[in-house]
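Here you get one chain, nothing else, as structure tokens; it is the form predicted on its own.
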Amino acid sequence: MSSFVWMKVLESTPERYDRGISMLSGGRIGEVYQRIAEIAAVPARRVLDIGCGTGAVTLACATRGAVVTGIDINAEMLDVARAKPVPEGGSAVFLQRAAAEIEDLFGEASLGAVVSCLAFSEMSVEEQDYALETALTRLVPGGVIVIADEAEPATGFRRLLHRLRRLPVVVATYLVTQTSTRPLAGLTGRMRAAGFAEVTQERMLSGAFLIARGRRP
């Protein structure tokens, strides 16, 4: 699974983003979106999607009856998201905002769930800590956070194969964007440090994709 490594490249052509991510995940990225929505989006729950991109997770949650706000700093990605139909029975609004603006957008204990897919790995550790700490205060007691991102497989052999497959994509990404990327690491520990309880994780897509969840006590 090398979709995250290609994020910077695909973001430069937002209209091709969904197709590119699907191809790079072997057509299985939709399974991740649906799993996030399954965990987070009970009917009528108010949900924040951090780094929503072209809106796939936002709309997956809305399909389950949630009222969702998707935020992203990339205006062109948001244009793609807004062009997609909102499923009947749910609600989706897309705003051009950064994760650092969460506390200005939402009051304390105003959200039932916070979700994020392929966004935390683009943040610095300090930005991740801020987003987690702020999300905790914006969730109602018992509210959930669900974060999905690329992560190295747990076993040594799969980790080696993952790195070998990933290397040429990293090089191509740097040549196109002069930036690099890395799998997300240490997330569950930072979630616990931010104050989340019942922190668990699961692996998808041959172990190269991590979904972590936690709950506000």
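One-based numbering along the sequence shown. The structure presented is a predicted model; accordingly, all values stated were derived computationally and were not measured.
The same protein has a further form, the form predicted together with a small molecule, not shown here; the description that follows concerns it.
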| query | finding |
| --- | --- |
| Location of the small molecule contact in the predicted complex, chosen stretch of 68-76, 85-93, 103-111, 132-140 [non-hydrogen atom, 4.5 Å] | 68-76 |
| 4.5 angstroms heavy atom contact with the small molecule in the predicted complex for Ala41 | no |
| The small molecule contact at Val80 in the predicted complex, heavy atom, 4.5 Å | no |
| The small molecule contact at Cys117 in the predicted complex, heavy atom, 4.5 Å | yes |
| Interface membership of Ala98, the small molecule in the predicted complex, 4.5 Å heavy atom rule | yes |
